[in-house]
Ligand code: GTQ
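Next comes just one chain, in structure tokens: the form predicted on its own.
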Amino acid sequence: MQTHDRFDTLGRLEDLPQDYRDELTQNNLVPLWPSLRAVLPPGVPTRKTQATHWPYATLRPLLIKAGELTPIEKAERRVLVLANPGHGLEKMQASAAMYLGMQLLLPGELAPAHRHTPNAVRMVVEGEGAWTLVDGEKCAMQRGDLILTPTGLWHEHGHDGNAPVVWLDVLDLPLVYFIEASYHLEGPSQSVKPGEGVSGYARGGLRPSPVFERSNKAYPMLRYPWAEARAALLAMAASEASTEALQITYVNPETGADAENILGFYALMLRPGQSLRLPARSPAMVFHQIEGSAQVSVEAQTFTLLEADTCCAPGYCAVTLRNLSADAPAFLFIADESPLHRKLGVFENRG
């Protein structure tokens, strides 16, 4: 008998006498076999994550309106959550392990210092003059920059410019919340420490080597400038003409491991007119358009990403990306759950 046939013969809950079911319930017991298909389906996992598109042209006016309606003192963090309908909007999830939020900071505002157990990153979408202070390191926020606020580190945001600044938050909040480890602490404003980690790691293959004392920072580099990432991708394209996928990974420059522990972060370049098929892998993926425009096809759905648009794709689905310009490259920021899947031993690449 084939596996799926055997599953189809499993008994149903309603096959059991009501008095027996009532007795199980009274003793906090549940029969497994009626639910086995749901938790261990054959072949492919059950996925709530749906392919979803959040156009920035729709989102931005609503975010600016939030700035008019709610002062920062009443919001602390003024964010519109990019919620995946497959998980239910109230769950505030983009995927099983990823939370997305578009955050607004207006000129002169300060989002006060706090720290929390979920890991977070900020991908700067628009504006100049804002900064994030993380563990005493002041990180300028420029479009396309990736800034880490890892688990447990104090951080706050300020804005010295004269126009709105917006960034995309990516957190592993759904996972940390699910394991009942999510909380935050409030604290006083931090003192700024001299120096910025990125200054010591500006060139590939080179790192600071203190003669007398080695840094013990778990996250030696907190800001990854887009100018450096973009230049690396363009250099790859020029020197590796036969390389189909031009992608870089944001990593810890001391260890070479992923920049954070749970989620992975990447920048990808599509050559003019290029189409690229990404293999079906187990982690869900988020795509955010930094420059240019691209078409994203996930199974039967196709989205057009313009600059600052965001979409997500469930795991175990092949994704095809196509640069809509025949003359200019397109650049995308990608976040996924690969580090988590590898740590759990469930990572799959089905090609």
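From 1 onward, residues are counted along the sequence shown. In this text the structure is predicted, and so the values were computed from the model without any measurement.
One more form of this protein, predicted together with the named molecule, exists but is not displayed; see below.
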Quiz prompt | 4.5 Å heavy atom contact with the named molecule in the model of the complex for all of R77, H157 and D169 | solution = yes
Practice problem: Consider the chain as shown here, without its partner, and state which of R143, H87, H114, R230 has a heavy atom within 4.5 Å of the named molecule in the model of the complex. | Solution: H114
Quiz item: Which pick from Q103, Q190, N261, T151 sits with a heavy atom within 4.5 Å of the named molecule in the model of the complex?
Solution: Q103
Quiz item: Using a 4.5 Å heavy atom cut-off, which stretch among 116-124, 220-228, 276-284, 242-250 contacts the named molecule in the model of the complex?
Solution: 116-124
